[in-house]
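The chain below stands alone and is given in structure tokens; this is the form predicted on its own.
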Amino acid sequence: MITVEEAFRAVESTVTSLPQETIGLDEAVGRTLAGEVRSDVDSPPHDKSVMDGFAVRAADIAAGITEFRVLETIIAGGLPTSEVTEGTTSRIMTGAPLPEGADAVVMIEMSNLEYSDPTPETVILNVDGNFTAGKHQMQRAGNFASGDLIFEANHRIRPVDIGLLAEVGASEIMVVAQPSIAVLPTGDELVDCSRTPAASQIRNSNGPMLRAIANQWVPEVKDLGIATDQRQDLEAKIRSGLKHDVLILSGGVSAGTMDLVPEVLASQGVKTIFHKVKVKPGKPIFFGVADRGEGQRCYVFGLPGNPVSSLVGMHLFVSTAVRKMTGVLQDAARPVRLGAILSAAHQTRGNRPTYWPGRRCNHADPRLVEALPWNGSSDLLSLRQAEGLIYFPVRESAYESGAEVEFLPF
């Protein structure tokens, strides 16, 4: 049995990134850039006004000139046709390019005009306070210049990044491919959640839960149904699952007489990387790898059948593997751990570190977390309020209120 840290290192050292592919921006959110992105334009592409007003020479304002002859109106998307010279100005809209000769903009509020007024032949500009060249304008390439680095490789694209990618012409981008994931719950006791369980049966809760979690990572997750504890059925469904990049099983990985999963996986060419981790819940977790040919692999996770045990394994180790496969750098592949403070005393027992369902309990202090009432690895009810897992290292004494802990948000 290995430690949690050893299990993380084993996953990180075994899993490799998938190949690259080209996608459009509509598909880009959540994907990882396979290469850097540089701008092909200056932003802004010209010296521009950041106000509606009048483009002037700052020297004219300093000289006390107040009445100006208006040359033209320049709108965003248009181009100036006249040079601003002494005593002249051009009416200009926000975002429009400054005309030649102008080096500042006077806001329309400092003129004798209203926004809706047509452009007159002359305008009175009454400027208060210090007015210098550069006022209310942005210089060409003030944000970034053509050729500037916009995103480095391995950046995970967020919705807020899409506008910037569009601005720099990255309508198609190279990203790391997404893995295909298959989910296979096992056990004679399982029936579909649409059915009423008979005596000794339970509904299949792990399959829908694990698929829902995986769907947060990739758009399509294969449901392999339920495998019974019969070798022939288990072998057939595992063979189907091994055609994918990731196969997630739940149940059948402990030490019972019907826990056939490790044995059947071995018969199908799956090499064991580890089996059993010193963690609570989730000790029997299995991780292995199978060669699919042509340099392709299937990473196999056998999660315990108890639902919270499956959840913990999914959140800790399967998520790390998927992030690594999709190009996330190793130091960012593990689940996020946040420093937190316990709101009340808490006692854990046993010789394994525990990941306990918890939630933030004070909006004024987001570091304050509480351990929820929890009856163990089969208790899904506590998860309805859970926002993540509180990590409790092995400790004989109780954790006092105010103790510092780590919180792993879902």
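Keep in mind it's a predicted model, so treat the numbers as computed, not measured. Numbering starts at 1 and follows the sequence shown.
What comes next is about the form predicted in complex with adenosine monophosphate (AMP), which is not displayed.
Novice: So in the model of the complex, is adenosine monophosphate (AMP) close enough to Ala332 to count as touching (4.5 Å, heavy atoms)?
Specialist: Looking in the model of the complex, residue contacts with adenosine monophosphate (AMP) do not include Ala332, since no heavy atom lies within 4.5 Å.
Novice: Would Ala340 count as touching adenosine monophosphate (AMP) in the model of the complex under a 4.5 Å heavy atom rule?
Specialist: Residue-level check for Ala340: no, no contact with adenosine monophosphate (AMP).
Novice: Is Gln137 close enough to touch adenosine monophosphate (AMP) in the model of the complex, meaning at least one heavy atom pair within 4.5 Å?
Specialist: No.
Novice: Just checking whether Ser111 would be counted as a contact of adenosine monophosphate (AMP) in the model of the complex - the rule being heavy atoms within 4.5 angstroms.
Specialist: Flag for Ser111 set to no.
Novice: State the residue from Ala76, Ile124, Ile202, Ala236 whose non-hydrogen atoms include one within 4.5 Å of adenosine monophosphate (AMP) in the model of the complex.
Specialist: The option sitting close enough to the partner is Ile202.
Novice: Ok, Gly241, Pro99, Pro281, Pro307: which has a heavy atom sitting within 4.5 Å of adenosine monophosphate (AMP) in the model of the complex?
Specialist: None of the others qualify; the residue that does is Pro307.
Novice: Name the stretch, out of 83-91, 178-186, 213-221, 102-110, where some heavy atom lies within 4.5 Å of adenosine monophosphate (AMP) in the model of the complex.
Specialist: Among the candidates, contact is made by 178-186.
Novice: Thinking of Leu190, Ser254 and Asp259 as the candidate spot, does adenosine monophosphate (AMP) come within 4.5 Å of a heavy atom on all of them in the model of the complex?
Specialist: Checking in the model of the complex: Leu190, Ser254 and Asp259 are all within 4.5 Å of adenosine monophosphate (AMP).
Novice: Since the partner is left out here, which residues of 151-180 would have a heavy atom within 4.5 Å of adenosine monophosphate (AMP) in the model of the complex?
Specialist: Residues within 4.5 Å: none in this stretch.
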